[in-house]
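Below you'll find only one chain, the form predicted alone, shown as structure tokens.
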Amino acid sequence: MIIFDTEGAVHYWNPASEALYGWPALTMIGRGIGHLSTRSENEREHWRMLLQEGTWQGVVSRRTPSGIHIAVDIRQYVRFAQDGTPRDVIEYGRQSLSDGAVPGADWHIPDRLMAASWEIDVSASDALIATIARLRDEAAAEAQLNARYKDLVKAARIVNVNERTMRLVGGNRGRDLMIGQPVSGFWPLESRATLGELIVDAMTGKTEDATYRRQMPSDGILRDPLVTVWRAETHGRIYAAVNGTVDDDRSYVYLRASEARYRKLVHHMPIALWQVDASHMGRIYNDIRASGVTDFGAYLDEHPDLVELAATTVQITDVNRAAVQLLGGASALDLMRPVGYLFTVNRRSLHNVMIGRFNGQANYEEITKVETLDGRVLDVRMSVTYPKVLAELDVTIFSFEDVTERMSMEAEIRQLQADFTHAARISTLGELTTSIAHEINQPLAAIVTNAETSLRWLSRDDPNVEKVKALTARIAASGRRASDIVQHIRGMASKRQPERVATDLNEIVQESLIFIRHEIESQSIGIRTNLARGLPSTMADRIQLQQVVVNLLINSVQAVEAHSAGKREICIDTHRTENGALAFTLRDTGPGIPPDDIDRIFEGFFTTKEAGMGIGLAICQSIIAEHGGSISASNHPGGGAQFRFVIPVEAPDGSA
């Protein structure tokens, strides 16, 4: 059945017409009836009589895509509008019995006999087609030709497809999502070169209506598929029709059902998914790898244009509903473009994704940022799953999980922890007021004494300049010492964000001892240190680590002070553990920790002191955990309490 308008242009072309005439519907819609046969004067008279009489029946000659004419029995009826004017013409046709048709043959056209039809745009590949045409004339260019044919299919874009094409290879994506995509994303890998060859035949052929056919290998969907390609009237476009039967109806149904289940699962998953075709970048990586490059990260730093190439050419071939919702799109079509828009805020993430693919990783994950289509910036957890085998058609899957709210909450928690730690530090400084005043008073007293002595030496009839020089040097040294003490106090008292820098653990211990030297000396407590030499620096916040050591020292001084009997001593030890971490151990000769309290001693607001708040050790534990380490408390077999913390040389984020 065909429906024409009153001028003879095709409006509808059903599957039976495709089977009878060989022209796919998408090649006939909009075309005039003259495309099927030369309209003679008699035919024009026949059309005029049809519109006048309303019906016509007879035998006509129609042309197939191969140029063969077949005799067709047709019946035509004019359908009229309500005002009595002709609206359109409906035609029923079948091959004439005089032309070899079987009497009584069933006119039902099963799905397996329909062609899978494509309209393809190759207008952007004129140069490539010319190159292929030139290579065809050269000997020993078969390998190059094969690669160029595949490049041509990769560059070819889908203009339109019919229902059977969508059912066979489009899954649930539908025509709208296939249009504009590379043909290679839907064409079997093993026959892409064949299609590319036929495209070149059609585009360079001298005869306008010539068709070019090739048998393709069975691809698991169609048995012995036959592809026919011919040039369209529109410049730079071709038509392709694939005929073939599925292996069996069960497998066809099974494949469709399996594909439908997969698509349904993907499109209804709550996590946003992008399907990406990066096959051309894979070939570039192979070339780079073959040139001897092993550090691809350094190579990308030297060739940033390669990242931009990926951003503008790696095509997204499918997205699910959650992806559209995440980025605020109206439909999947808003997101079906090169991947660059996913990395507008953080181009470095694309750089990292490319390194993962080059290194052959199975997957890659990081926290990054993405800009939505309406301009919002989201924190997302990006996961990338790379293709492992060629049969996967180089499909890479991106998944984005919105973690903006969680990141915001974590930032608030970190700020609360920082405020809490700062408050505890200020409280500790308050406890150390006497010690700090004593520590500063020492250099100040030395400055005054040395200054007065210098004046006396200068007041003599014969001033001793050398002596004055020595005293002045002492004054300067004492001034620097006082300044250093003030700087340490300012550092402890300041409210600032933690900053990880290379830090010497032994220096932290020595600086901390300065803060409490007065308490130690006033209580006649002996300090014994065993600081390992050659310890590596650790990436740590200097002030926070100092706060931990000072807190532990104050606790030990107070414990020894409360324990009137026995030896009054604090032992400090630093060393490197077997796994390379840094260890700090402090032992006192106090009464030790009550056994029932050991498991609770790091709990917040737990204290055994009457005036204590119970936050010092809790903050120590929080700081050490923040640095990727651990802290513990125990009673030493020889008596007294023992605290030990271990921190890695590298920061938790891997910096060193």
Partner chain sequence: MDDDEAIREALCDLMMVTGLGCSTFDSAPAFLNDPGPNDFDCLITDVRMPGMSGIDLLERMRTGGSDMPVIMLTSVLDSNTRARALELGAQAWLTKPVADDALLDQLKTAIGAEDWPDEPGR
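Just so it is clear, the structure is predicted and the values come from calculations on it, not from any experiment. Positions refer to the first chain, counted from 1.
Only in words, not in the display: the form predicted in complex with its partner chain, which the text now covers.
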Picking from 377, 562, 493, 448, the single residue whose non-hydrogen atoms come within 4.5 angstroms of its partner chain in the model of the complex is 448
421, 317, 512, 478: which sits within 4.5 Å of its partner chain in the model of the complex by any heavy atom? 478
What stretch, of 518-526, 343-351, 411-419, 267-275, brings heavy atoms to within 4.5 Å of its partner chain in the model of the complex? 518-526
Contact label in the model of the complex: residue 434 to its partner chain, heavy atom within 4.5 Å: yes
Using a 4.5 angstroms cut-off on non-hydrogen atoms, would residue 452 count as touching its partner chain in the model of the complex? yes
Looking at the partner-bound form in the model of the complex, is residue 442 within 4.5 Å of its partner chain by any heavy atom? yes
Contact test in the model of the complex: residue 542 vs its partner chain, heavy atoms, 4.5 Å: no
Out of 447-484, which residues reach within 4.5 Å of its partner chain in the model of the complex, heavy atoms considered? 448, 449, 450, 452, 453, 456, 457, 459, 460, 461, 462, 467, 471, 474, 478, 481
